[in-house]
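Below you will find one chain, with nothing else, as structure tokens; this is the form predicted on its own, and questions on how it binds or moves follow later.
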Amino acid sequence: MNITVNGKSINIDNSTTIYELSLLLNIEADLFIVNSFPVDKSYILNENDNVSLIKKGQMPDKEHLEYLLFSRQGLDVYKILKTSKVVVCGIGGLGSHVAISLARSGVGTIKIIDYDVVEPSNINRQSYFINQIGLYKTQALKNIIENINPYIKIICKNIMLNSHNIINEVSGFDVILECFDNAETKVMLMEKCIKELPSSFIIGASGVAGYFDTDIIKIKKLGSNCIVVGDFENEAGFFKGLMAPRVTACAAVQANEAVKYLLKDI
């Protein structure tokens, strides 16, 4: 019967256990994953199983590492996300976390757009590190992502988006993520993209300040190709700061909605 092992298709005998498979292939392993779920070494393999054999504490060789990074997601999910393209507009508190979540998920091409540099007040809620203060956010985030998933394409653009350049910069992407701080820029992006890029899915955010309950974060639909995530009330202002837990929670919802859209045909 045919199965996939660490990304490669092979044929094995019926009634083979996953431990027997590891011995047959001379792969030392103590973590056995089948179809994205950990199993005991006595698990009997079935036709078309997707198998990952992992040795804890050991760096896999380059040939197998990419597949093993996504062994808890499954091969079908991996293949779709690998060919997907997203653009993240603004990589502050929302955008930096969104981009990292999508990189961890295996999205194959991620474009990150921001004109700003990392500064001290960013560190309380954004994905950057103190030793990155002064770097362009695009370069800092690219460095982080390359240490998470070196197998994806990161496109950096150090520009301020406006009504004149937005369509040129975000066209051709499956998902457009609006992650700006400025309300007027948020509205501009969504209005332009909803109208001019109907084949792209747009995900915005609004109302993520403070440390209010995360269960009031919801999703609103704006037209057939746009949603907005947030509580739609708690914008940043005097004595209403931005904090990591709530900002990250909203970013996670944005990223999850992007993945849901990309995998809609599974």
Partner chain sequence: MNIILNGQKYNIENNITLKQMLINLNIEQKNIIAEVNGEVVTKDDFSNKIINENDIIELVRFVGGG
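Everything numeric in this text was worked out from a predicted model, so none of it was measured. Numbering follows the first chain given and starts at 1.
The form predicted together with the partner chain exists for this protein as well; it is not shown, and the discussion that follows is about that form.
- Contact with the partner chain in the predicted complex, judged as any non-hydrogen atom within 4.5 angstroms, is confined among 88-96, 106-114, 149-157, 69-77 to 88-96.
- Residue 144 falls outside the set of residues with a heavy atom inside 4.5 Å of the partner chain in the predicted complex.
- Taking non-hydrogen atoms only, residue 211 never approaches the partner chain to within 4.5 angstroms in the predicted complex.
- Under a 4.5 angstroms non-hydrogen atom cutoff, the partner chain in the predicted complex lacks residue 28 among its neighbouring residues.
- Proximity of residue 197 to the partner chain in the predicted complex falls outside the 4.5 Å heavy atom cutoff.
- Using a 4.5 Å cut-off to the partner chain in the predicted complex, each of 181, 220 and 234 places a heavy atom inside that distance.
- 228 is the sole member of 228, 45, 54, 39 with a non-hydrogen atom lying within 4.5 angstroms of the partner chain in the predicted complex.
- Heavy atoms closer than or equal to 4.5 Å to the partner chain in the predicted complex belong, across 185-222, to the residues 186, 187, 190, 191, 194, 195, 205, 206, 207, 208, 220, 221, 222, ordered by sequence position.
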